[in-house]
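Take a look at this single chain in structure tokens; it is the form predicted on its own.
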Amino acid sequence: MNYTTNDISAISNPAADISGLIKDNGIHSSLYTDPNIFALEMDKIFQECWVFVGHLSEVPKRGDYIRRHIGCEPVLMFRTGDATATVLTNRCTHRGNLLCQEEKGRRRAITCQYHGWVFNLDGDLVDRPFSGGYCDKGGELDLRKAKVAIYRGFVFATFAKNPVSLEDHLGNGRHALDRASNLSPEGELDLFGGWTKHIFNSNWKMLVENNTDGYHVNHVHDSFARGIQVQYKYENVLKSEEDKLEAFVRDMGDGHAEIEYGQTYSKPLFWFGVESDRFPDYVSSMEAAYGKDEANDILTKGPPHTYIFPNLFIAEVSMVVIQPISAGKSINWNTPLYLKGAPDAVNRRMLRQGEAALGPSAFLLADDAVIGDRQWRALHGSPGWLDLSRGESRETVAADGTITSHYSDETPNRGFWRHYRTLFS
């Protein structure tokens, strides 16, 4: 692949012609470093696509709320019914004051601490002190309200006027949310553990690419995987012979991608680093819920390692949310993938196993953060074209349109950028 400066000079305004910065097997580094492109992404992707906001289990009662972001916009997610939620901007329509400062809480109404304006949980302005000084503006001063759709308890929101359905957005990625939820004997996650947040000095798309990149594992995380010695867990992916690796990558379409580790586990709960007799109550409850054969299949295959465009990553025993801050700064949120109805001992192990990879003193996350920082600094100071051609010749297309390839191939990254390009075409 030979790119020249002529490829760049043909683009008079890269931020206005983003699709010209993406080839079938390569991208230009300005996609990471240009603040104008970042601003366009916040509008075109994070305002107009379905974005993961939270999980219903985080707001178990009506009036419960959590603070989140849709791109750079602060929002509140309220529980409003048995299986419903509302997502509103966390910004008063009067003078722009942040309405809720606490990360989570419970409200019967939302009152601005600046001038006392009051909004109900649907975002409607219902009261203003000294209202005689105002003219009626109808609903013009209501809080901005996102469209909301929910799948298996996962709450997605968008500010698009006419979005595609959430099911169309998720596409083949739905199976990952099913797979994670079905690890629970009740078929639901229960994300009660709170979130750990790490700042990355790198572009949000670098976090995305890294999450489904198997090529770096042997090089970046070798000491971590060998040091913690989780039985059964990393035996296959640390092989030095390329043809011995059984895990593979998959481009699922619509920007979603994954690494499939399921076939590397020969018995139930090997992904958990244990034999199934370690948690007999859990196995029994799963068999009662799904039947013996299906429970055996679920517990053998284990959780997904799947990225859902644009900001959600199911990282096996943890859930990750990617929050963009600026062209060169992002926040990686993570929480344990607790399972509703599972024994406490199972959820404790979920926490401990996730901590080893993504916790406050974990090695894996620190490894990735250092690489991301170095990558962004190098590209910011020296722009150019980057190669994404690994494994092009050995991809296999399935009947459902998904594309699979070797564990170390860049198939997921190419899939991400193909979808990204369609959003700016």
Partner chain sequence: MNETVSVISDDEYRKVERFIYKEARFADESRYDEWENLLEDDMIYWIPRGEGDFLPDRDVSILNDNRSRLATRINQLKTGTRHSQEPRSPMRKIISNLMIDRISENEYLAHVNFALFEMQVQSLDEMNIWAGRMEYKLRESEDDLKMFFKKVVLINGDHPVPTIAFII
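Worth saying up front: this structure is predicted, and the values here are computed from it rather than measured. Positions refer to the first chain, counted from 1.
There is also a form predicted in complex with its partner chain; it is not shown, and the following applies to it.
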- [ ] Please pick, from 211, 201, 181, 285, the one residue with any non-hydrogen atom lying within 4.5 angstroms of its partner chain in the predicted complex.
- [x] 201
- [ ] Report the residue, out of 35, 360, 384, 63, that has at least one non-hydrogen atom within 4.5 angstroms of its partner chain in the predicted complex.
- [x] 360
Open item on the list: Looking at heavy atoms inside 4.5 Å, which stretch does its partner chain contact in the predicted complex, given the options 299 to 307, 193 to 201, 170 to 178, 270 to 278?
Closed with: 193 to 201
- [ ] Using heavy atoms and a 4.5 Å cut-off, decide whether 224, 355 and 366 all contact its partner chain in the predicted complex.
- [x] yes
- [ ] Could you confirm whether residue 395 comes within 4.5 Å of its partner chain in the predicted complex, counting heavy atoms only?
- [x] no
- [ ] Decide whether residue 336 counts as a contact residue for its partner chain in the predicted complex under a heavy atom distance cut-off of 4.5 Å.
- [x] yes
- [ ] Using a 4.5 Å heavy atom cut-off, state whether residue 377 contacts its partner chain in the predicted complex.
- [x] yes
Open item on the list: Residue-level question: is residue 39 within 4.5 Å of its partner chain in the predicted complex, judged on heavy atoms?
Closed with: no
Open item on the list: Suppose contact means any heavy atom within 4.5 Å; which members of 91 to 130 contact its partner chain in the predicted complex?
Closed with: none
